[in-house]
Each structure stands twice: as C-alpha cells, then as structure tokens.
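Just one chain follows, in the form predicted on its own, and it is written as structure tokens.
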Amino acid sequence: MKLAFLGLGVMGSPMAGHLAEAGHEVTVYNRTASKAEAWCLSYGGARRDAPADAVDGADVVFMCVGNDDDVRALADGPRGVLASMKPGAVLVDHTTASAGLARELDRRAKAKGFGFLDAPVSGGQAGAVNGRLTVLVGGAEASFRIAEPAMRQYGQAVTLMGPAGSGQLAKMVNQILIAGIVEGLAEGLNFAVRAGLDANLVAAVLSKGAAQSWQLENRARTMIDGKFDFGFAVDWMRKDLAICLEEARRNGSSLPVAALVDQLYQQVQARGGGRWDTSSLIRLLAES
C-alpha cells in the first residue's frame, strides 16, 4: 500500500520503519525535519515538508504525536490532513489522546468520505522497536480491515475494541491498571528492602506466583538499583492520567488510586524527575 506516517518520535520512527521494511511505499513527515531525513537514510522512503504533501494519494495515513493539540495541529486547516486525504482512504491516529477528539475526527472524516481509526498502542519503545505492540483500535470495521494488515507489521495484538473512541478508552484502562501496579510494586519492593530481605530474590520468586506482572518482571531490578533513565516517562504518564481522570469525571467513574498516583508523579516532577521512567515512584518511598 501507499502509506504516510506523521510523527517520528521514539514510537513513530520504528513503527514507520516496520512498514517500510514490509515493502510498503512510505512517505513521512515530522515537525523536526532532521528526524525525517534520518529516518529516510535508515529506511528509504520519502519525506515531505508539510502534512498535506505527505498524505497526498496515500491509502492509509498514520499519526503518532504527543497529545490532542498536536493531533489538531496536523489535522486542521486548509493544508491539514483532513483537507488533503483522498476519498476512501483511512486515517489512523496512534496518539494517546482523548476519546472526545477521536469521535470528533471520526465524524469529520466521514463527512469527507474517508475512514478514521483511533489506535493508541501499549508496549513502549521496546515494543515499537521489536514490532510487538498491543494496538487498541476504535472505529468502523471496514476501515479496520483496510489498515489492519499494515498495523500488524508492528503489532503483536491488533484488536478492534468498538466504535470510534473505544481504542482511547481501552488505553485509559491500560494506564489506570499500570498506575496501580507500579505503585504497588514500589511499595512492596521498598518494604522488602527495609525489612532486610534480598529484594531481587523476592522479586524473582514472586514473579512465579499470583503477584506476577510485566512491571515486576521488567522493572523490579532497575527500581531496586535506582535506575530510571529509560522507558515511559513520568511527564507522559501524567498526560495520560489527566485524560483518564477527565474521562472519569465525564462518565461518573471513581479512580481514587489513579488520582493518588497522579499526585505522587507530580512530586516526582517537582524533584526534577519528569523524564524519569514511571517506575521512579519507588524513589519517593526510599527517600521518605
């Protein structure tokens, strides 16, 4: 297929790379042009200096940027994505954004004769590089079937969760779960250290039982060692939790643990840890 990929950050760059390596014709756009140039040197393809030029003639257009405002900056205007895509094409937004924005883009895309999918991902930078992301998709099944083969180049699980907005809502559930798990892991490991246990041994043993989780298996050792210079940043998690808490206010959900963890991440930011990995919650406990 002829594809366009807009947004070549730590997630978007390897995702677009998988599409190129699979033989698709990929045209890229990035706000910082040097990143697009570097991507083309690595994967081939072509780059354009404006979103409208990148999406011209594309069968599927992918976006992977920071937040709602970044998505609107690409989508809106006479030279934006929504004004430039061809009828029958599909717009896929991999940004973790609000469900309200997803529903709005779906309506606007339909009015212009093309499809829209909200498709946030889970799995982090390692998942993007290794092509093992979980892709949570909202939108029409017909649009999903068009874009699904391409998304499977970097997604080990690509699932249609329901109508537009459902992908973003499912990603919110993912972030709510992770917030609670990481805080529980931080408390447990800090307790183990203060109790005089071999925390690494405790983590290794418990990972074989009911407390097993991805976070326990992949973050326990680095949390114990006080290393937080990799993975999903606190700043990004706070952005995601703000989306979750806003949606909870809208639908009447109670998120006491997520709200507490958001406050704890605010304390991490105040200590200069906005770019630390989310597992840095343990530092608050270790230094208390």
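Computed from a predicted model, the values in this text were never measured in an experiment. In case it trips you up, residue 1 is the first one in the sequence shown, and so on.
Omitted from view is the form predicted together with a further copy of the same chain, to which the following refers.
- The contact with a further copy of the same chain in the model of the complex, taken as any heavy atom within 4.5 Å, belongs to 173 out of 173, 111, 126, 142.
- The three marked residues, 169, 190 and 247, each reach a further copy of the same chain in the model of the complex, with a heavy atom inside 4.5 Å.
- For the chain shown alone, residue 50 is not a contact residue for a further copy of the same chain in the model of the complex, no non-hydrogen atom being within 4.5 angstroms.
- Contact annotation: residue 233 falls outside 4.5 Å of a further copy of the same chain in the model of the complex, judged by heavy atom distances.
- Contact check for residue 58: no non-hydrogen atom falls within 4.5 Å of a further copy of the same chain in the model of the complex.
- None of the heavy atoms of residue 81 is located within 4.5 Å of a further copy of the same chain in the model of the complex.
- You can rule out all but one of 142-150, 70-78, 87-95, 155-163: in the model of the complex, only 155-163 has residues with a heavy atom within 4.5 Å of a further copy of the same chain.
- Contacts between stretch 229-255 and a further copy of the same chain, counted in the model of the complex as any heavy atom lying within 4.5 Å, involve 244, 247, 248, 251, 252, 253, 254, 255, listed in sequence order.
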